[in-house]
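There is one chain below, alone, in structure tokens, taken in the form predicted on its own.
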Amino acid sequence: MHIADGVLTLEATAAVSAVSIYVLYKALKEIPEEKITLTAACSAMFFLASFIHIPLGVTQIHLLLVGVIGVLIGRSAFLAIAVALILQALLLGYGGMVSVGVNLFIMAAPAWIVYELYRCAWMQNLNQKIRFFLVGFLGAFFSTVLLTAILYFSKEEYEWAAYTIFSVNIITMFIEGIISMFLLLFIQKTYSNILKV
């Protein structure tokens, strides 16, 4: 879901990046000391998950695991994903340095949204497997919605690309849901203390 440099208008890139930088600053300022190690681990997990990707027009489809990252570290997801995105842009050529802020918003904001939803009573009352599936599914869903909306409102010629990207990523949402379910079941079994609400 990386948007490459030069795809969006300068106005769209600047506006979305400004929001990302503000939340990144707040996350950096308020990160709990005990979450620093876990944030670094989440950054590595995000970096590695993106290795398996399929190019699709102006973007790519690949594993994100933003829902899992969200429930593990909340708003600190902006830090973890920012580091991973910068490394991906510099080392692998995914996206680009100019569009890092936009890509950060597309992937870290859903992690934070899933974290807030995960803390809600209705989510905690769901069957554990369904709850963990929803963590992955909703993370990919919100990322796709943001990517689609940014493309749709950036340039008129991206309207068709936005619809196509959303349609293709429906498969990604289910894959993310299943992988996240198994991953969180493993974490629940082995490191249950980091999944406490």
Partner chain sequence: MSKEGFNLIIALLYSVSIAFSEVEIYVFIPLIFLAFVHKAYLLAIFKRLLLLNVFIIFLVLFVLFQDHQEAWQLFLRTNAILLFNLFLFYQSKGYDIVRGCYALKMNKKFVALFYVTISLIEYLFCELKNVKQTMKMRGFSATTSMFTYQTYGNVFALLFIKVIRKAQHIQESMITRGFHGEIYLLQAQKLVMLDYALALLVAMMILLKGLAI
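Numbering follows the first chain given and starts at 1. This structure is a prediction, so every number in the text was calculated from the model and none was measured. Take the two forms, find the largest set of C-alpha atoms that superpose within 1.5 Å, and that set is the rigid core.
The discussion below concerns the form predicted in complex with its partner chain, not included here.
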| query | finding |
| --- | --- |
| Any non-hydrogen atom of residue 29 within 4.5 angstroms of its partner chain in the predicted bound form | yes |
| Residue contact check: residue 48 to its partner chain in the predicted bound form, 4.5 Å heavy atom | yes |
| Contact of residue 187 with its partner chain in the predicted bound form (heavy atom, 4.5 Å) | yes |
| 4.5 Å heavy atom contact, residue 123 and its partner chain in the predicted bound form | no |
| Residues within stretch 164 to 190 having a non-hydrogen atom within 4.5 Å of its partner chain in the predicted bound form | 164, 165, 175, 178, 179, 182, 183, 186, 187, 190 |
| Core-aligned CA displacement of residue 155 at least 2 Å between the shown form and the other one | no |
| Core fit, then residue 35 C-alpha moves 2 Å or more between the shown form and the other one | yes |
